[in-house]
Each structure stands twice: as structure tokens, then as C-alpha cells.
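We begin with a single chain expressed as C-alpha cells, specifically the form predicted alone.
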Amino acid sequence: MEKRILLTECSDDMGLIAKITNCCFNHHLNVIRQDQFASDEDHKFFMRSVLEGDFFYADRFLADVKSVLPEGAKVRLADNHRRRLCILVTKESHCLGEILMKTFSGALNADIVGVAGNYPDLSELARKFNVPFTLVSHEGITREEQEKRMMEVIDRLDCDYVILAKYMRILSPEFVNHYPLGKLINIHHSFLPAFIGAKPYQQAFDRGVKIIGATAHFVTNNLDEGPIIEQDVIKVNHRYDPKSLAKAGHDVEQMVLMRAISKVLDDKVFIHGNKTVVF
């Protein structure tokens, strides 16, 4: 018996769950788990169904499901094949290190096919895990040329997702638009929408905050404003200076990024406008 995940997105309507599960029954597919959400805002319906059975006629099954749904419905079957990840970095090691460890231990259903950075600082860390590192320096060239070289590296790796693991470069619209929405995942070192942009821990210190957090989101052309996948916070107090705030924040950043990557790899995330539905 094989397991696959049916992902459904369409306009909301009466009886959708019954129609979809009836198609599963007709194709002798057992529903192991099902999560659904209907948005009152724009009357959109989302459903994630874990199915078990024989998927030899998967195309026919998908056609049958689509035939009972409203016009314009999106349906697909996802399997649990290992995804290919490309990691972009600058100098900070904590997020890259966590991804390397989780992949090495088997906790992530993915392979890191390459790490690329605009500084060489993390090359040795990548190589300790037998992951190739490519230096794409920004020094002495224009941003356009540096981004062009970085895109060439990413495209050559043929990855499913690009993870910006503390890649401290603002991406141009040309770079972002080169990839489909949902392929670029960023970790931002604050609880968005607070403290957008650079030096968030200095901003947090200046405001005397009592919590700090991190946000993992899909990348769009609006700086740090893409659809949010995962967030979390920890408590701090007046004894924290910018340096100790940053140290504490690193733990939150790597935890939030790992949870976000895991949910994306498990096909639990739907992009809904500039928001997400996460099961």
C-alpha cells in the first residue's frame, strides 16, 4: 500500500468534503487523515488529505476529483520523495548548522544539494557534512552581476527550495521573480511585522521590548512581508543588551526555520494571497 497526500484548493461550496471523499472511496483509497479550512474572507476552500491505497491510476483519480469541484480548482497528489534544498548564507552559522544536523540525522526528508554564500566563512562547516559550498562574492562587482552568478548556481543545482539561512542580502525584483512564489524561504530575525529590515535586535533594545521572536516566510518583492509560515517568541527583560538579545534570538531563529521547512516539506502549507493556510 502506498501513501500520498491529496491537496485541494478551490472556491468554497456545499458538499465539497463529501464529493472528494466519495472519489477516494470510488478509487479504493483510504483516508487516513484529513484537514480542511474554508476562508470567510474570500470563500476559498483548502483541504489536505492523507490517502493510502493503489495509485496506479492517479491521473484518472485526479481528473475525477477535479470534475466534482468548482471551476478553477487546483488539485495535486504529493508523495514523500526527498526534496532538494539549496541553502544561501552569509556569515552566521546557527541556522545552516541546524539544517545540516537535521538533514544528517534524518529528521528532515530532504537532501542539501549545495550551500552558496557571499562570504567564504561557512565553507568549512558545509564541507564537514560533505555538502558542496560555492562562493558567490559581492565584492568588486555590481549587485546585478552578483545576483546573476548566484541564480546560475541555484539553477544548476536544480533544487526544490532555496532556503535563505541568514543570507544578509536584499534580493532584487529580478532575482525574486526568477523563481515561483513558494520556492524561496527566508528566516527573519524578529517577530514580523515588527522591526523590519536591518539590526532588529538593536531596534528591539532601543524599544525596550519584553519579547523577541523570529519569522519564517516565503519571499516576495515586499521586503520581509511575504506570506508567513511560522513564528515564535521568547521572553526577555531589561538585563538584555543587543548582543545577548541576538544570542537568545539565534535559538528562536533556528527553531522557527526548521519548523517552517518541515511543514513545507510535508505539504502542509497553502499560500493564500499574502497569507498562508498551515495544517
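Quick note: we count residues from 1 along the sequence shown, nothing fancier. Keep in mind that this is a model prediction, so the values were computed, not measured.
If you look for the form predicted in complex with a further copy of the same chain, you will not find it shown, but the lines that follow are about it.
Undergrad: Pick from 143 to 151, 177 to 185, 81 to 89, 96 to 104: which stretch has a heavy atom within 4.5 Å of a further copy of the same chain in the predicted complex?
TA: Looking at the partner contacts, the answer comes out as 96 to 104.
Undergrad: Quick check on residue 8: any heavy atom within 4.5 Å of a further copy of the same chain in the predicted complex?
TA: Residue 8: no, not in contact with a further copy of the same chain in the predicted complex.
Undergrad: Residue 135 near a further copy of the same chain in the predicted complex, any heavy atom under 4.5 Å?
TA: Close contact is absent here: in the predicted complex, residue 135 is far from a further copy of the same chain, nothing within 4.5 Å, heavy atoms only.
Undergrad: Just to confirm, residue 64 within 4.5 Å of a further copy of the same chain in the predicted complex by heavy atoms?
TA: No, no contact at 4.5 Å.
Undergrad: Are any of the heavy atoms in residue 125 no more than 4.5 Å from a heavy atom of a further copy of the same chain in the predicted complex?
TA: Residue 125: yes, in contact with a further copy of the same chain in the predicted complex.
Undergrad: Which listed residue (111, 155, 206, 160) meets the criterion of a heavy atom within 4.5 Å of a further copy of the same chain in the predicted complex?
TA: Among 111, 155, 206, 160, a heavy atom within 4.5 Å of a further copy of the same chain in the predicted complex occurs only for 206.
Undergrad: Could you tell me if all three of 19, 31 and 228 have a heavy atom no more than 4.5 Å from a further copy of the same chain in the predicted complex?
TA: Every listed residue reaches a further copy of the same chain in the predicted complex, so yes.
Undergrad: For the stretch 261 to 279, return the residues whose heavy atoms include at least one within 4.5 Å of a further copy of the same chain in the predicted complex, in the order they occur.
TA: The stretch 261 to 279, when checked against a further copy of the same chain in the predicted complex, contributes 274, 275, 276, 277, 278, 279 at the 4.5 Å heavy-atom cut-off.
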